[in-house]
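Just the one chain here, laid out as structure tokens, in the form predicted on its own.
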């Protein structure tokens, strides 16, 4: 196997693990559409990176960080629901991004191109993915309890507002990381489809998280393998692989009944 291909496989596996673990809680918190919308918030930051010639990842994360802090603060200072606040940031960011992203770069931004990662960028992506995986595993029990009952979580000393803020920061970093893989338009699929497939097959939280990761890895490997064979972008192929897995899990669920 060529070094470049091996680099793509390893990077994609780690990114998909972090996205799938995060996606488990996106599904449990019923935030699938919110997650998809949030990926578009990165567009103005990416545009700044392209215009001023710095790494678009940093611009994407900065834009997402501003958005999640704004959403988190407004959620507790207004009566507006989370999806409404994300929708406001989403539409504003989408308009700004479309206006300022140079047209030649627009297609890659929308659909991603992990094959364009340099070795240093791949290493950074892997390190960030490992940090995200560790962070999710550290807070997952508290996060689960806060989803079941915020009052109970507060009563045993869990600071639910701070926990939600940490979760949104992790979300922002994972989205910024995954955009390079599948692009802005398909980022929601990277986070949502593998855990949605797992939910069709298992009920316990541990098995749900584990199977989400397994499906994410399978989809990532399949996407890159198919990309090498058919010479197509790996991002859309990853999503199609995830969708095929989802269909098989649906069939499993139906026949099991």
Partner chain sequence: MQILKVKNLNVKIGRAPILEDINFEVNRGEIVAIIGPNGAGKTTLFKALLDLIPYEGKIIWKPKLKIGYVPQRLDIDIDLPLTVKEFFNLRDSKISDAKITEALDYIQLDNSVLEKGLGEISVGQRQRLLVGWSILDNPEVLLFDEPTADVDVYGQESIYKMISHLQKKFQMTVILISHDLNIIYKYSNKVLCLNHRNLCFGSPELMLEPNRLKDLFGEEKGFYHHDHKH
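Computed from a predicted model, the values in this text were never measured in an experiment. Residue numbers count along the first chain shown, from 1.
Quick note: we don't show the form predicted in complex with the partner chain, though the next part is all about it.
Of the residues given (120, 91, 78, 149), 149 alone sits with a heavy atom within 4.5 Å of the partner chain in the predicted bound form. This chain is displayed alone, yet in the predicted bound form one of 50, 226, 205, 62 has a heavy atom within 4.5 Å of the partner chain; that residue is 205. Partner contact region in the predicted bound form: 154 to 162, out of 92 to 100, 173 to 181, 128 to 136, 154 to 162, criterion any non-hydrogen atom within 4.5 Å of the partner chain. Contact annotation for residue 221: none of its heavy atoms lies within 4.5 Å of the partner chain in the predicted bound form. Within this chain, residue 166 is remote from the site of the partner chain in the predicted bound form, having no heavy atom within 4.5 Å. Contact check for residue 69: every heavy atom lies farther than 4.5 Å from the partner chain in the predicted bound form. Interface membership of residue 110, defined by any non-hydrogen atom within 4.5 Å of the partner chain in the predicted bound form, is ruled out. Residues of 126 to 150 lying near the partner chain in the predicted bound form, listed in sequence order, are 141, 144, 145, 148, 149, the criterion being any heavy atom within 4.5 Å.
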